[in-house]
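Encoded as structure tokens, the following chain is the form predicted alone, with no partner shown.
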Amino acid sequence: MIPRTTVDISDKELEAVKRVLKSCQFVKGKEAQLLEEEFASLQGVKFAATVNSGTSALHLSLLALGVHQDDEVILAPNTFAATVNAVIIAGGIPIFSDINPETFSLDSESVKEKITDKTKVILPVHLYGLISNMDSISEIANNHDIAILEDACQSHGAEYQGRRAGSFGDLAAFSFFPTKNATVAGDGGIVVSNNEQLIEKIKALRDHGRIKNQHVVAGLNNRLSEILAAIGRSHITKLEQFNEHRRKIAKVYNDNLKDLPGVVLPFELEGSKHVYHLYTIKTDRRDELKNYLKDKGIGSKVMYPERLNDLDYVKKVTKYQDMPVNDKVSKQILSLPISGTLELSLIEKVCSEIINFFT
């Protein structure tokens, strides 16, 4: 079976674990602090706060931005449930925007239509490793004095107009889940920003609301363990290498499939650097192709098959919204095997089977 993705764990990560075990400092130590500094530098921002998951990164960011009961947060319907879950848990009302059919991210005209006097945050998701069109999103937010929280959980190292994911919004949330471009080999996350005050709020909220050992706000226990932070520090040193390999894989797909009728390849905005967390094509024969590849021992997956606002618990807190572009795209998308370590020869095999299927 050719998997959709793999995780690289080497002697460097094993040595990092040993280093923490020998120190006996398992929480609130130097590894998490150093990961914050190193990851912030990598993404081109000033400050960062580690947390125990990408979901916590989103949740605490919304709290830090002042989302309260009945505040509205605009987001897309075609991402993982963690994004909408964080909004609901923070007390906000999710308001769904339709998507751009090429980038799979928020459509700016749809976003404009969703804004009300209750809109508190716009939450663009940099889906599959491609940064959203942040020029238009930033303009809308600035015109209406609305905060931006980037869901950058799939876009470590991605670039747009010379800037990296996480450098556009008031805050940005990243995940270090094992399938991500950079991982801590478990659940983990980080929030980045150029706003030190907001990051300090995150640091208090993740640690029972403490600032300098004084409880100043009702907080949670969302700290990242030192073992996972140490693994993360090792893994991010290989992020550029992994991302470049992912781009090589994407090029193999592009070169082989570009002239294939019935297949639409991933789009890359001008001035962008797509890091291909997922390589996602569109085809009207999606389900047939998926089953065919499975029979050939090739893993593929629909990411994500259901609209978030079709979930029963989401329906209870927001009104129905028509999203024709997303509805069409959701029936076409299929993510093919990719990772920072998969051999290019395996990708050639996948391409060969896809070509066989369509011809």
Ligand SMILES: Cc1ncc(COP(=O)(O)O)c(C=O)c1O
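Owing to the predicted nature of the structure, the values given are computational and were not obtained by experimental measurement. The first residue of the shown sequence is 1; numbering continues from there.
Omitted here: the form predicted together with this ligand. The next part is about that form.
Visitor: Quick one: which of 211-219, 254-262, 72-80, 232-240 gets within 4.5 Å of this ligand in the predicted bound form, going by heavy atoms?
Guide: Every other range fails; the passing one is 72-80.
Visitor: Any of the heavy atoms of residue 183 lying within 4.5 Å of this ligand in the predicted bound form?
Guide: Residue 183: no, not in contact with this ligand in the predicted bound form.
Visitor: With the cut-off set at 4.5 Å between non-hydrogen atoms, does residue 148 touch this ligand in the predicted bound form?
Guide: Outside the cut-off, so no.
Visitor: Spell out, yes or no, whether the shortest heavy atom distance between residue 49 and this ligand in the predicted bound form is within 4.5 Å.
Guide: So residue 49 does not count as contacting this ligand.
Visitor: Could you confirm whether residue 125 comes within 4.5 Å of this ligand in the predicted bound form, counting heavy atoms only?
Guide: So residue 125 counts as contacting this ligand.
Visitor: Quick one: from 300, 309, 53, 330, grab the residue that has a heavy atom within 4.5 Å of this ligand in the predicted bound form.
Guide: It is 53 that has a heavy atom within 4.5 Å of the partner.
Visitor: Considering non-hydrogen atoms and a 4.5 Å limit, which listed residue (154, 280, 105, 97) is close to this ligand in the predicted bound form?
Guide: Residue within 4.5 Å of the partner: 154.
Visitor: Just give me the residues of 302-317, first to last, that have a heavy atom within 4.5 Å of this ligand in the predicted bound form.
Guide: Counting only heavy atoms within 4.5 Å of this ligand in the predicted bound form, the single contacting residue of 302-317 is 304.
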